[in-house]
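Single chain ahead, by itself, as structure tokens, in the form predicted alone.
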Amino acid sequence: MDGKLDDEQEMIVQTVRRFADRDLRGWGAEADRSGAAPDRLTAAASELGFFLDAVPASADGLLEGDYAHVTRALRGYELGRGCAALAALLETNVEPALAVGAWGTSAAKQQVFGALASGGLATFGHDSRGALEVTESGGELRITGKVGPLPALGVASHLVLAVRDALVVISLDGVRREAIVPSGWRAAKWGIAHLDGQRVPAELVLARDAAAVTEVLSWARVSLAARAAGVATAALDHAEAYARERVQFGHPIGQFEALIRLRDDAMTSAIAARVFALHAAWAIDARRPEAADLASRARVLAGDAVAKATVDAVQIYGGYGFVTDFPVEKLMRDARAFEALHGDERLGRILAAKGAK
């Protein structure tokens, strides 16, 4: 990995950066207050190639050839700089589309790709705690239990679910769901699905292979890591601008050594998180054997970085940091959502290490 962007990647970064700075940041505060994405999001994002970028061109999507996770991480970082909740919606179709493209039957592809091409959303979930009850009969599965909260699950037409060693597609038509608005990523259309012996026919079982589950989790973890690094950077950018303007004792507070050190340490972590996310994405694209481990560690590092950066940004703002009129209060809440999805990476490695002895 040489770290140099090609012309297409540079164009994508610049385009998404303008979109994030001009639109996502502008919409983010109101979307957070209302708990809903703006109506303009879908049209604006579709023009930029979101929602269908992982759907094959043969199924009315935009993907030709292999999917580039490095490019996704580059754009995810910029989206995180804009608004974490809206970024989650813009990225939600990727894991389901790639999983169905990699392992899906013709029936699964027709169903999911058809829904996405018609403007629908899908989401990915992982039963990281093993809480779901799964039974099997004649090649089909029955699943019982609660799934979520997950972003986009409140409105999605399909769920790709990793449960035990299986990767399945669940059509959410008729499934009882609750739409919720948590404290972080409030506009991300979160939901909880209640499965009561949900039938998954054999043609919607994508894989019965732990390696497939691990691969999809790697995609999701790198995306989360890149977006978390973007949120961390945004918080520190806001804090730096505020510190230049806020004057105490006759000097901008940005000149105080303690605050310089505070922001500088947090920025080091944010930069490291971005670089690690890109490296893990490169490993996925290169099909390196260590890709899954790198993706997991990238997510941990980015989660720590965004938690530190947003809390430190609030400290730089002082009392104003907790006021909703200022942006860092929202970013601190958004940071917590990155820890809520797809399991505890540290605990997973501890359990794996203990099981190997």
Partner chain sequence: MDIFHDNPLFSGVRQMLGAFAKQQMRPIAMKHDTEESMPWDLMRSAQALGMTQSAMQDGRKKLTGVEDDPDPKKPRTMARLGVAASEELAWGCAGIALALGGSGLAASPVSRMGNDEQKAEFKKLLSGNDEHGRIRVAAMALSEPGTGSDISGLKTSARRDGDHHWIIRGSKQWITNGQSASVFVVWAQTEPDAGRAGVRGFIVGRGTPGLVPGKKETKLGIRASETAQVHFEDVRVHGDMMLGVGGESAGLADTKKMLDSTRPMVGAQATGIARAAYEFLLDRVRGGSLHGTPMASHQHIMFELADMAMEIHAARLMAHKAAWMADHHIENVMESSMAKAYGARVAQAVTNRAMVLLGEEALEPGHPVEKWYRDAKIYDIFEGTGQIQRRIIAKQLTGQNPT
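The structure displayed is predicted, hence computed values, not measured ones. Residue numbers count along the first chain shown, from 1.
The discussion below concerns the form predicted in complex with its partner chain, not included here.
Relative to its partner chain in the model of the complex, residues P56, V112 and D196 are all farther than 4.5 Å at every heavy atom. At a distance threshold of 4.5 angstroms between non-hydrogen atoms, A31 is out of contact with its partner chain in the model of the complex. Contact check for W190: a heavy atom falls within 4.5 Å of its partner chain in the model of the complex. In the model of the complex, no heavy atom of A210 sits within 4.5 Å of its partner chain. For the chain shown alone, Y67 is not a contact residue for its partner chain in the model of the complex, no non-hydrogen atom being within 4.5 angstroms. Of the stretches 99-107, 282-290, 231-239, 127-135, only 127-135 has residues with a heavy atom within 4.5 Å of its partner chain in the model of the complex.
For the options G120, G145, P201, P182, the one in contact with its partner chain in the model of the complex, meaning a heavy atom within 4.5 Å, is P182. Contact annotation for 323-342: residues with any non-hydrogen atom within 4.5 angstroms of its partner chain in the model of the complex are V323, T324, D325, E329, M332, R333, R336, A337, E339, A340, L341, H342, listed in sequence order.
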